[in-house]
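Presented below, as structure tokens, is a lone chain in the form predicted alone.
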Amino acid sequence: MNVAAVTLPQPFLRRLKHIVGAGNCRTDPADCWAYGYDNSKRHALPQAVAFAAEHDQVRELAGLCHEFEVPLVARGRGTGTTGATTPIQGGLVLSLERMDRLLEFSPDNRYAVAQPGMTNEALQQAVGRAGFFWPPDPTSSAFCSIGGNLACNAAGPRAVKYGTPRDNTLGLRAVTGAGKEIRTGVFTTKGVVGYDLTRLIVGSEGTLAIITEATLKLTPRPEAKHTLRAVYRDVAAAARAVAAIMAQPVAPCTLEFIDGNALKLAQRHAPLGLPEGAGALLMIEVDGLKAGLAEAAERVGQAAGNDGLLDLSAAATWDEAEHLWQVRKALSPALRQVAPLKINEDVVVPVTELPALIAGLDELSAKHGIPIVNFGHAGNGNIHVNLLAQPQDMERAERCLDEVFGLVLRLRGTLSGEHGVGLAKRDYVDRELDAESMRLMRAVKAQFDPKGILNPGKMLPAAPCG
């Protein structure tokens, strides 16, 4: 995917060095190479990389790129899986990894203001000392940045109770593609003045504006947590349990699903002590006040029971909870061993359609000869579909993936829950969105980014000619 070499004008380079300092920009291809990829393994070489430390530098860089019409791709820590930060048109990669400070923390008002390069884990540790947390918790939280979480609306397992980054962001300070500063949102939990640009920018993958500060809504940490593991005969029984759990008043903070194919794979990697005939598994956590939490967990456990339940285990200690989570933790290393080139998609369907989704995926797996394993955030219907393709299988895997997306849309689902669109799903977007909606979205993009310099070629397919 590497782009043809482009020479940036010397006046551009001189002003670039003036804005961030000569020591904070790179133009040697060897130095720029590492900033041309993300965790999708896609790669394209940028012609320059700049490291910003302050909002004003970002504003000046955006204005410079706007003036010279140089593509500008903002990058956090590169943990995304869709190619969203791959600079496919070359130009300048703006690394925000050095903008990693907590600018303000107001426990009484339950918010924190963070720069985009701060990692999710660093934020959690900083506010956790005062008894708070920010609900989004992607699996890569130790490495991923707040800016990246916001760019993709990446949520993680706690979203089933606490919501996504869109639900937990009060406001933003950002820079448009024309180099103009904007402030969106509020510092309060209510606010209805003007259009909701905060929620528009969150999830836009750096195509509308570059976030330089985020005002994040915090939640008090629960006093206690109970962990349950429910093993079922088949996916249909597990899906019935998910629907029953979500229909009763106690909202679990985590409701994770693992299908039978994934269980077999995990057990080959490590003995897990699951009952014979295990065809699906739910990991369930309930949190809140210590008083009454045992009863709340019992309510959830009752809802999890049906005629397909083979085993329901409850953890009495932290060590026991870790043991119950062993199945989920064994999956990633097992997948890496079996198929280093696996295709990982994060589709979403209504909870009631989970059995049809998994059954359809099994049919597609057999049809195309591509092993598929599935796990994910069952309470949201957000399933990570993993096509375990080998290098010689990639053409068949792409045909299979096309039919996977068709299946999801027939079930009234959506093509991405939290990984984003980037390059991986860009060419499928017009199958989910109608032509008029995409026309409006392109018009919005043009208002934020008149010359189309911000992360070009991402999110939406090219507009039809004529």
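A residue's number is simply how far along the shown sequence it sits, counting from 1. The shown structure was predicted, so the numbers you read here are calculated from the model rather than taken from an experiment.
Another form, the form predicted in complex with another copy of the chain, is not on view; read the next lines as being about it.
- Highlighted residues A34, Q47 and L341: none comes within 4.5 Å of another copy of the chain in the predicted complex, counting any heavy atom.
- Among C152, A114, A238, I211, the residue placing a heavy atom within 4.5 Å of another copy of the chain in the predicted complex is C152.
- Between the options A126, L324, A334, V186, the residue in contact with another copy of the chain in the predicted complex by a heavy atom within 4.5 angstroms is V186.
- The stretch that touches another copy of the chain in the predicted complex, counting heavy atoms within 4.5 Å, is 198-206, out of 84-92, 364-372, 198-206, 276-284.
- Residue contact check for N120: none of its heavy atoms lie within 4.5 Å of another copy of the chain in the predicted complex.
- In the predicted complex, none of the heavy atoms of G171 sits within 4.5 Å of a heavy atom of another copy of the chain.
- Among heavy atoms of P220, some come within 4.5 Å of another copy of the chain in the predicted complex.
- Residue contact with another copy of the chain in the predicted complex: R77 places no heavy atom within 4.5 Å of it.
- For the partner-free chain shown, K180, E181, I182, R183, V186, F187, T188, T189, K190, G191, V192, V193, G194, Y195, D196 of 179-196 come within 4.5 angstroms of another copy of the chain in the predicted complex, judged by any non-hydrogen atom.
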